[in-house]
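Starting off, we have a lone chain in the form predicted alone, written out as structure tokens.
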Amino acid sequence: MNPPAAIHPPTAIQLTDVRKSFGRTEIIRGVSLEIRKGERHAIIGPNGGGKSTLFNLISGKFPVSHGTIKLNGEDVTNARPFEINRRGLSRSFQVTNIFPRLNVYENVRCSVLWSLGYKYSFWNDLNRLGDVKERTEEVLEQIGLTARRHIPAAVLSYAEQRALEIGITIAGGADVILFDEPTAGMSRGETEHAVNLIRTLSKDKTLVIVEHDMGVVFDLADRISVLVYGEILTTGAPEEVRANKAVQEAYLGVDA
């Protein structure tokens, strides 16, 4: 009697031979990768390795030169960013991306409105939408900005703005979240707070994170992929990647 076939978790993101060229320069060189539903997956590598470019391909900001990208089993290759977002993917950016003239509450509410299906219903009295108010209050509490709700986003501290962006990203209701260097520029204390925030808010979601802080990566990630010069060097559990000699030489350093 043959042993039962291995059961593989469903795939949230599937890249098959994805390539991206700018003119004659090939930045992403045949990336094939499966990211499982519900996992926290980190993508690491040296500067210029193609990490942000790969994020831009997955989220639709850049068109793919070759290959296919699937989101929850659906082909989204070269779909527009808003179309991919509506199919369940949201992302943050290296540079904080918020509405600086709106206050903290209004920033979060904008994201909540779409996630609850109100979209462009301009005739709704926002103050009477109980479900929107409840969800917005919940997110503000989660990101620790309830007391700052009426403050214009532009005058928040850098760490508070990053926390707000994380809240906006999560509040949109997507089940696949891309975070591009969410702790960049933070102090050690701010980084620890951000990691705890991300861990809490990404529960039961698929999280893909680009991050240079190896403490953050090894603390958060279930699996890690190492991207070097546009190619995946290896993918594995944190302890496997840490012990990989090729990774040590290419990125972590031989004394890792």
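Keep in mind the model is a prediction, meaning the values are calculated, not measured. From 1 onward, residues are counted along the sequence shown.
What comes next is about the form predicted in complex with a small molecule, which does not appear here.
The stretch in contact with the small molecule in the predicted complex, judged by heavy atoms within 4.5 Å, is 51-59, chosen from 34-42, 193-201, 51-59, 215-223. Contact here is defined as any heavy atom lying within 4.5 Å of the small molecule in the predicted complex, and by that definition each of F22, N47 and E181 is a contact residue. In the predicted complex, at least one heavy atom of I27 sits within 4.5 Å of the small molecule.
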